[in-house]
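Below you'll find only one chain, the form predicted on its own, shown as structure tokens.
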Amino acid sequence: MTNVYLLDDAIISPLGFSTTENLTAIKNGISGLKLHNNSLFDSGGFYAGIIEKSTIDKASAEIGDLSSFTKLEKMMILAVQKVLSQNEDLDLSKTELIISTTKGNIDLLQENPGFPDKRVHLTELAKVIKDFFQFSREPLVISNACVSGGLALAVAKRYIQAKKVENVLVVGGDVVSDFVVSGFQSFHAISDQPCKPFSHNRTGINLGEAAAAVLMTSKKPLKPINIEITGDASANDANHISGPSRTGEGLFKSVKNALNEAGVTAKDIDYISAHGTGTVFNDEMEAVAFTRSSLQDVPLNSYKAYYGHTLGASALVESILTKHALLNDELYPSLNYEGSGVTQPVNVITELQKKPLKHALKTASGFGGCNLALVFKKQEDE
């Protein structure tokens, strides 16, 4: 089987405009969540991780005149540009582009300053990114609720292993819009305080926005330590349009199949980056699935209290962070954890730790019953 490696990456978020800046913030316990005013809420607002438009405009101006691009497009362009600047010899005519998003430019439905109506379509978003960087191949859009970012990595892996291309650049992103906020609020799913994944006093999610990009290849990088994706699986339990399965069936099957493909068992997993939204039902479902998979003792965290739920970007951002956790032999704390609130045991990371790591598991779940698991492996040259 062809090995698939993760090369350079970039994260654009309220915590910084590079992966290094994001990791530094996480190590220092800094959250990007802030209170934002909104009349939909009795409390006057909601907590979310939102990037200031002026900050994006300033950063994008260093690339060129991006005044004709939307906020999300600028974020994605910034992420891709950072990756390509580290790979100037990359042949874009032979590189597949995969776009991960759930809602794309959905904010244009509310406020559209001069953009054509079709700009709201996901295919148009993909075309904008393709044309800006002059990719030759037709881009692929992955939009499957909140597993989109991780599923984009899985599809990229399969493209490479099927020998369709040697390289794939995955970029994902979503923004916080009134459309998304009102949707989650209609479920009464949004917390009135910073979220607390897996905690006994958790009260719901926070939303967030981010963009991220990563280059994947079948060619082994000339580095002493590399990270590869060795297993992936996705299963839909078709439980409910928005509610997760109480038995964790879809996630359990995803984890089982991903571990099987990677050729490892639960005992080999050193770290889990969980979905961990902070809702009552998601965190409980994950805990059940992890226990069914004999992973209840593995150190686990959620990054949602740093970023909020960034939808189509979340699993991609968190996979990049998982990659660097393996590279650095570091376990990053799950912010705001105040004691377990799930019925099954979970080994939540509460402080920054140094620990030898080789295999990590990334999980994600989303509306419609979709679930995903990815296995990452650190490969060290002797």
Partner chain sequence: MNRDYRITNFVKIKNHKIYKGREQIFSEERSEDLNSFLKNAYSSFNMSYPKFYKMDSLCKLGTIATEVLLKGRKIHPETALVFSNSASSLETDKIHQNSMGKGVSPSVFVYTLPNIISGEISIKYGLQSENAFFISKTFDSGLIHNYTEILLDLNKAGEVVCGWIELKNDRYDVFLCLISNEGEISFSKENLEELYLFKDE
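These figures come from a predicted structure and were not determined experimentally. Positions refer to the first chain, counted from 1.
If you look for the form predicted in complex with its partner chain, you will not find it shown, but the lines that follow are about it.
Asker: Does Ser293 reach its partner chain in the predicted complex, with heavy atoms at most 4.5 Å apart?
Answerer: Looking in the predicted complex, residue contacts with its partner chain do not include Ser293, since no heavy atom lies within 4.5 Å.
Asker: Should Thr102 be classed as touching its partner chain in the predicted complex when contacts are defined as heavy atoms within 4.5 Å?
Answerer: The answer is yes: Thr102 has a heavy atom within 4.5 Å of its partner chain.
Asker: Can you check whether Asp232 is within 4.5 Å of its partner chain in the predicted complex, heavy atom basis?
Answerer: Although its partner chain is absent here, Asp232 would touch it in the predicted complex, with heavy atoms inside 4.5 Å.
Asker: Is the gap between Asp178 and its partner chain in the predicted complex 4.5 Å or less for some heavy atom pair?
Answerer: Contact check for Asp178: yes, within 4.5 Å of its partner chain in the predicted complex.
Asker: So its partner chain isn't shown here. In the predicted complex, which residue out of Glu166, Asp268, Asp297, Glu124 has a non-hydrogen atom within 4.5 Å of it?
Answerer: Of Glu166, Asp268, Asp297, Glu124, the residue with a heavy atom within 4.5 Å of its partner chain in the predicted complex is Glu124.
Asker: With its partner chain left out of view, which of Asn112, Gln193, Asn87, Ser182 would have a heavy atom within 4.5 Å of it in the predicted complex?
Answerer: By the 4.5 Å criterion, the partner-contacting residue is Ser182.
Asker: Of the listed stretches (218 to 226, 114 to 122, 128 to 136, 71 to 79), which one has a non-hydrogen atom within 4.5 Å of its partner chain in the predicted complex?
Answerer: It is the stretch 114 to 122.
Asker: Quick one: Val141, Asn144 and His240 and its partner chain in the predicted complex, is every residue within 4.5 Å by at least one heavy atom?
Answerer: Every listed residue reaches its partner chain in the predicted complex, so yes.
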